[in-house]
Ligand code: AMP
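A lone chain, given as structure tokens: the form predicted alone.
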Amino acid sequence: MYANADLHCHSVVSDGTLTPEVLAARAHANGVDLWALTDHDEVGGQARALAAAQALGMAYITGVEISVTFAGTTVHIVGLGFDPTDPQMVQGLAATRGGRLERARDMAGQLAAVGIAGAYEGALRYVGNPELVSRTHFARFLVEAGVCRDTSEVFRKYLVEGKPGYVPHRWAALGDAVRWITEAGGVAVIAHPARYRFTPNEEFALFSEFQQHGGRGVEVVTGSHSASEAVRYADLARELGLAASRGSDFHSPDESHTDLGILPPLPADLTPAWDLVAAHIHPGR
């Protein structure tokens, strides 16, 4: 039904650089006919995104990307088609966001110890929502300060495990995130699975536990997947009976490799994740 669905992107409400309204216009200009804003651990941009999409005649479905800790790794679970006012969802996301400011101060302290001063204040300049200060905001500061040429260099030299500025944060449990989404009427999707670099046993455990908790989808076509990775996760979706999702994971015109709506199609034999919550799609006016 939808020829160009993009169900993964970020606005200034989390760690993107564009407003929900500008993102909607960009998606529409690129031919997106079903769109979702999926800010990290935050649904505060949903009303604006819906209004902007409908003003352009573009169908919209609610979205969020929830950070969870699994096997010592941060994994992202996208929720689609849920009620963004659901109290359990709102409270759970607030708790997940809770430790970010303390973590940010610790990150800045590590950077100061290697001679990079002012990182906390510098990162906050890039934050639309102080509750959601993240490594991305620190990376933008390090580029602005001339410490690194671009954010790719930042994540080679800083802010990753074993490098200055890396501070782990314990996020939600996988089961909690899936439950918040499903009990609010939505469908839970494992985001960009190729990024996690799990062993085969760890990946099997992730998908098994995800499905046991009620998770029903996986991102097959996404900005960080190569063509061969898309094929691999299409095969896994078939094997496990999972629906498939599609999204650019767009953050910024200056940083993102894949623009909104500029993605290969899903394989025709897979069930699109949005079909599972079709009743919750807001049609374009």
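Start at 1 and count along the sequence shown; that's the residue number. It should be emphasised that the depicted structure is a prediction, and the values quoted were computed from it without experimental measurement.
From this point on, the text means the form predicted together with this ligand, which you will not see here.
- Checked against this ligand in the predicted bound form, the candidates 28, 246, 225, 251 yield a single residue with a heavy atom inside 4.5 Å, and that residue is 251.
- Within this chain, residue 198 is remote from the site of this ligand in the predicted bound form, having no heavy atom within 4.5 Å.
- When this ligand is considered in the predicted bound form, residue 171 lines it closely, a heavy atom lying within 4.5 Å.
- Using a 4.5 Å cutoff between non-hydrogen atoms, residue 134 counts as a contact of this ligand in the predicted bound form.
- The closest non-hydrogen atom of residue 97 lies beyond 4.5 Å of this ligand in the predicted bound form.
- Residues within 4.5 angstroms of this ligand in the predicted bound form, judged by any non-hydrogen atom, belong to 135-143 and to none of the other stretches in 119-127, 135-143, 178-186, 204-212.
- Heavy atoms of every residue among 15, 40 and 155 are located within 4.5 Å of this ligand in the predicted bound form.
- Residue 76 is the only member of 63-94 with a non-hydrogen atom no more than 4.5 angstroms from this ligand in the predicted bound form.
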